[in-house]
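First comes one chain, alone, set out as structure tokens in the form predicted alone.
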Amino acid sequence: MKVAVLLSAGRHPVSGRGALPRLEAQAIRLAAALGSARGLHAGPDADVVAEALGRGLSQIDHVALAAGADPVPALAAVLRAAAPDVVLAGRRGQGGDDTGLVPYALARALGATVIPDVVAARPGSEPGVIEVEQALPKGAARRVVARLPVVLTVHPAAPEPSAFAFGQARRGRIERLDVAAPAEPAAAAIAVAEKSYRPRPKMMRGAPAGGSAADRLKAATGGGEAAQANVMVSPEPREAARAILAYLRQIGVLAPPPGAG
């Protein structure tokens, strides 16, 4: 079974330095159980993904692209030529343009089935079939049987990455590929303006537009139509106590006074 592992230029969450995303290191371990695996990276530099060689890959194919270029057309061209049975990728990148859409765009370009959130994978009981275990919410999981080719995205609950082996990293190699990707129509420019964050006031549900202060207070405190606002300014203690008792009896917290109809 031929396996390709997509690699991206991630960033360490603390230091900010280039690093192999953890999900992709987990994908390399899953690939080892399926067959012969090769890495595939599209970007201006492959040094940032060289760590993958020490995690279990023997070769990484590097497609040189300009910074900020869309990697999907070039990746799709390489995968069409290589025709792998399984393409493994992380759910998203780490610190870069991590939209998480690249595996889905590749599956569409290749006409392959995409299965997200995979925690385990093994060859199926018959040729041309793969069995995967898919993570579900609240710790549940289910077994999925699919026909090849497939694109799998790895869930964080997948097995831990293999330990880094320095000797294996030195024996591995990075091969540069010259790929003429099909020209894609230029995307329309989107105007983006940056502004400093300003907390916005919360809207009061049910507050009538242009209502009085009593109406807004009733809406803010959850008073229904039957609730009557009674604003008292500097009342006498006995008068305030009587108003509180009357309100508590009105809403049913206290029982009516003895002898009340």
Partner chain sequence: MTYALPALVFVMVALATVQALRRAAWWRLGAAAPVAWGAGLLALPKRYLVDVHHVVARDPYASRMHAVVASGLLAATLLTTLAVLPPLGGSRAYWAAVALAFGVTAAGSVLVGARRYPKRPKRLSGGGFQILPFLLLAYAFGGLAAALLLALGVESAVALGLAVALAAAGGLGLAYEVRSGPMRHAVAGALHLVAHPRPKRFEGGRPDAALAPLDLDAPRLGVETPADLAWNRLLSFDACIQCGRCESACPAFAAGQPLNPKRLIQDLVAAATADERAYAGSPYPNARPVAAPAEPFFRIIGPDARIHPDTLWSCTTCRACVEECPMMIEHVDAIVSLRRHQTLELGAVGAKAAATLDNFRGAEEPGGRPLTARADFAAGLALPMIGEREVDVLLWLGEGAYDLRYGRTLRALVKLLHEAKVDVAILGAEERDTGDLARRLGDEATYQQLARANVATLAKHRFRRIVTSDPHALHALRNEYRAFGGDFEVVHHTAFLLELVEQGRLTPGALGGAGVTYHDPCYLGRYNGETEAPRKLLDRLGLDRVEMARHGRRSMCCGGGGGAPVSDIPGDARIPDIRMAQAAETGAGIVAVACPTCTAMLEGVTGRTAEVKDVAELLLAAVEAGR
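All of these numbers come straight from a predicted model, not from anything done at the bench. Positions refer to the first chain, counted from 1.
Below, we turn to the form predicted in complex with the partner chain, even though it does not appear here.
Proximity of Ala163 to the partner chain in the predicted complex falls within the 4.5 Å heavy atom cutoff. In the predicted complex, Arg55 approaches the partner chain with a heavy atom inside 4.5 Å.
Among residues of the shown chain, Arg171 is one whose heavy atoms approach the partner chain to within 4.5 Å in the predicted complex. Along 1 to 34, a non-hydrogen atom within 4.5 Å of the partner chain in the predicted complex is carried by His12, Val14, Ser15, Arg17, in order along the sequence.
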